[in-house]
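Here we start with a single chain on its own, the form predicted on its own, put down as structure tokens.
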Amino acid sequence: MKKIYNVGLIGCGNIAETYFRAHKYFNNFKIIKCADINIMAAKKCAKLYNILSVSVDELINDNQIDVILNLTIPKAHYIIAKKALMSGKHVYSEKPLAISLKQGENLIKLANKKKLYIGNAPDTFLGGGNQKARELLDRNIIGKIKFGNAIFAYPGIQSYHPNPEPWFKKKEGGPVIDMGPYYLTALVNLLGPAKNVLSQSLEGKKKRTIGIGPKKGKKFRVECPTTYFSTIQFENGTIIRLTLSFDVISHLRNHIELYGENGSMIVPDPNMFGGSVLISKKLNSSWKYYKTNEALLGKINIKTQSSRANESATNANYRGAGLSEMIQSIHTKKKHRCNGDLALHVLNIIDSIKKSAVTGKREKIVFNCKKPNFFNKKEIKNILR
């Protein structure tokens, strides 16, 4: 009989609702307690989802808890994850793994020493869209990928987040830390590990205005670059031009495009689980659609506009899949896909993008990882209700 792991959630902010929603989809975990440095936020969360609220330290040291789900702000990821590992708990964190490469390395070393699992978002690459793209690439349908483009560009998180200030802080802010993990993890899943990166950055508006919540209309100072242009070379020889920006009002470019020797591929939004993969193998030919709306982790499950502004009734969102797959891997004593090595590699790319933008020099990626295994139907069914 499958064991259901008890999960303790720390960080009762905007993203928490998505993980509680995951109870509807996945069969091997249950969030039973929550905590937050803001006691009122924890109590509100507990009341809403009919669970117990406790202090952060109480939750980390609670013998009932098997896994700590770390949904705190980026600068607190390291502190909470380290405490969880020290107390003998497995831990799954929102992205990024940490805000510095040294912190990330320390967490992986500690997890290995303690023989505990450490998992990390994003898990969107496990969805129907990115996995369909991976399947087609594995079938060599457009030949060897020579180069490509990827872009995330919009006006900024301040329009839909009630507390956006951390995303614009000096060490923990900017689009590379916020949205970079989705694109970089998706690309590593498709192409394998990165080799080096060269980048430039620029700063947009010096002040931003909060657009929602109790602080609506309040202005705050931007302390970090808000646009990055990067060229990433992968170990397999592919070169990707990546744009990440909080300074673009709108655009009509595709999220990810890959150009192979025998054709081109459009990869769906790496921030979501579904979407169609498009293939063109001849000049001026119509794009062939490979739909994922019937895939196990690709079906549209957002029926109405969510309180999270990037969710609409055209999206598939199965966040929590990475947590569930990690728990299944703990149970079967296997390596999970959203693992620490992958997260550290992505953090290394993030760190290198930021460093290269300052030095103007090409930065080598030091921490390697293995390309995640394809997520097949049998494995997905094992974690679904």
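As the structure is a prediction and not an experimental result, all values here were calculated from the model. Residue indices: 1-based, along the sequence shown.
Beyond what is shown, the protein has a form predicted together with a small molecule; the following relates to that form.
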Close approach of H161 to the small molecule in the predicted complex, 4.5 Å, heavy atom = yes
Although the small molecule is absent from this view, report whether G11 comes within 4.5 Å of it in the predicted complex, heavy atoms only.
-> yes
Proximity of S230 to the small molecule in the predicted complex, heavy atoms at 4.5 Å | no
Is there any non-hydrogen atom of K132 lying within 4.5 Å of the small molecule in the predicted complex?
-> no
Among I151, P225 and E257, does every residue place a heavy atom within 4.5 Å of the small molecule in the predicted complex?
-> no
Looking at 70 to 78, 188 to 196, 279 to 287, 135 to 143, which one sits within 4.5 Å of the small molecule in the predicted complex if you count heavy atoms only?
-> 70 to 78
Contact residue in the predicted complex, chosen from R319, H345, H336, K354 - any heavy atom within 4.5 Å of the small molecule = R319
Checking C45, I31, I65, V56 against the small molecule in the predicted complex, the residue with a non-hydrogen atom inside 4.5 angstroms turns out to be V56
